[in-house]
Structure formats: C-alpha cells, structure tokens
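Quick heads-up: it's one chain on its own, the form predicted on its own, in structure tokens.
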C-alpha cells in the first residue's frame, strides 16, 4: 500500500511536466505526422492516408542535395563551435582564477544574446558587403586590389553567422562541466609527471564529455532547423531543409511541409541518439 501511494504521489508530482510536454511537444508532433500523409491540390488540402508526399520527397534529387547541404553546415558549424567553445571555456575555468572575473568574462560572452538573433545576424551584412568595413580594410592594407565577393551571400557568410549565433550554446555546458572537475585530479596528474597536453587529453577532455555532448546536441539541432540565417546570409542562393519547409508553407503545401519536417525531425533524433550512445549526459543533468 505504501509503495502504491508513493507511485501515485510521483505521478501526481510529474503530471504538470507531462501535461506541458504533451501539449507543446507530443501533440504537435502527432499532428504534423498525421498531416504529412494528407493529400493536396493547388488550392486545398484534404484528409487522407497517402504516401505521395514522402514518395516525392525521397525520390527527388533536389531533396538529397539540400539534405546533404544541411548536414554539411551542421557538421562544419559543430566542429568550429566545439573548438571555439572549448577554448573559451578552458580559459575561463583554468586561467581566470577570480570568481568575479569569471562572472564578468562570462557575462561579456552573453552580451550579444541581449539582442534578437535576427538583428545579430543581419549586422554582418554591412560589415561583409562589397563596400563594407571588411573589404575596405583589406583594400587599404593592400591585401586585395578589389572587393572580395565571397565574404557575403556565400557558404562562408552562412557559417560565420551560425558560429556567431550558436557558439555560446557550446561554451556554457562545457564551462559548467569544467568547473565541476576536482582540481586535485589535475594536481595529481601534474605530480605524476604529466605534461599540460597529457593532462588536457587524458584528464580534462574525458571529464568534459557530458558538457561537450550537451553543447553538440544544442548546436546540431539548432543548425539543422535554422532557415532564416541561411536565407538572409546566402542571399537566398543556398537552401537547407528548413528552407524547403518554409517554401512549402508559403505555397500553402502544408502536407509536403509536414513530410519534410518529419524527415528532418527523424534525422535529428537519429543523430542525437547516436551521440548519446557514446556519453551518459545524466551525469551533467
């Protein structure tokens, strides 16, 4: 009887979270999946159970090109943000010894997040433009004779904006993990004759794996679903899966957009599941 009451109490305590997750995550996913099987014409959509949307999506060469372009951006941005995020977190955790200065430096990293993502992204356009500050500086220093065209509306500008927007999502969990490392372990490794590189590779990085994995999940999920950044920073010359969904919605092709969203969601879930098999993030949570 006591066990039953304990189980009931646990369910009641968890019920608000379950209701919120159901209302804002589970139910929308079920609806999107259901609509992805509906049929559509140029002027309307109708309930049905058809595989036409998935057949068209999975047999189109455009879909595969856009899909691999999305994966390319996700992997590239993940690698860059991992290096930058780990470096910043490592500096804050092990080179800034004052808690006050750690807080100040950390707040400096968060200042850009006090404004909208779109504003921070668009602010790169006048800087990277043909007559922008970057090109003017390169010309004045004699590095180039004419403006560099690929600085804006290119893969470079898209990746730059992604890195700018999402690096902090890698810094925070890694920094949080590093601050939990017992400094006596590092001292013991140093007393045993380990070099700084050996301490980094054999002590710090293994202990930071949960934080690295959490940051990786944030960055990969955000980049895979972001379409506004790709649209503006590429000048609408580059597409990703998010752009396909946005285009279908603008054409009122909701079943097709839902099918693309389901494929994208399944891809992200598979990628996250693979990453979680290597690290137990429950240690961090």
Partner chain sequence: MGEKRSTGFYVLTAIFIAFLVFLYGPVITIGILSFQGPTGGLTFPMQGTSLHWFQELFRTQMVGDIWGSFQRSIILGLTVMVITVVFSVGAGMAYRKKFFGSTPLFYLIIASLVIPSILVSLGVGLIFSQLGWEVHWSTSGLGAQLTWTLPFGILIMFAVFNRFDKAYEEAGRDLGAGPIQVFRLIVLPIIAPSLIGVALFGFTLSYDEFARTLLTSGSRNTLPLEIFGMTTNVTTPVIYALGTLTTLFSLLIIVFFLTFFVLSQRRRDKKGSDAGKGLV
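Positions refer to the first chain, counted from 1. C-alpha atoms forming the largest set that superposes within 1.5 Å between two forms make up the rigid core. Since this is a predicted model, take the numbers as computed values, not measurements.
Note that the form predicted together with the partner chain isn't included here; everything after this is about it.
Engineer: Within 4.5 Å of the partner chain in the model of the complex - does that hold for a heavy atom of every one of 164, 199 and 258?
Structural biologist: Yes, each of 164, 199 and 258 comes within 4.5 Å of the partner chain in the model of the complex.
Engineer: So, in the model of the complex, is residue 230 in contact with the partner chain at a 4.5 angstroms heavy atom limit?
Structural biologist: No, no contact at 4.5 Å.
Engineer: Is residue 175 close enough to touch the partner chain in the model of the complex, meaning at least one heavy atom pair within 4.5 Å?
Structural biologist: Residue 175 lies outside the contact set for the partner chain.
Engineer: Can residue 112 be called a contact residue for the partner chain in the model of the complex at 4.5 Å between heavy atoms?
Structural biologist: Yes, residue 112 lies within 4.5 Å of the partner chain in the model of the complex.
Engineer: Residue 150 near the partner chain in the model of the complex, any heavy atom under 4.5 Å?
Structural biologist: Output for residue 150 is no: heavy atoms all beyond 4.5 Å of the partner chain.
Engineer: If contact means a heavy atom within 4.5 Å, which one of 137-145, 205-213, 116-124, 70-78 is the stretch that engages the partner chain in the model of the complex?
Structural biologist: Checking each option against the 4.5 Å cut-off leaves 116-124.
Engineer: Could you list the residues in 248-279 that come within 4.5 Å of the partner chain in the model of the complex, counting only heavy atoms and keeping sequence order?
Structural biologist: Heavy-atom contacts to the partner chain in the model of the complex: 249, 254, 257, 258, 261, 264, 265, 268, 272, 276.
Engineer: With both forms fitted on the core, check whether the Cα of residue 13 differs by 2 Å or more between this form and the one not shown.
Structural biologist: It does, since the residue 13 C-alpha is displaced 2 Å or more between this form and the one not shown after the core fit.
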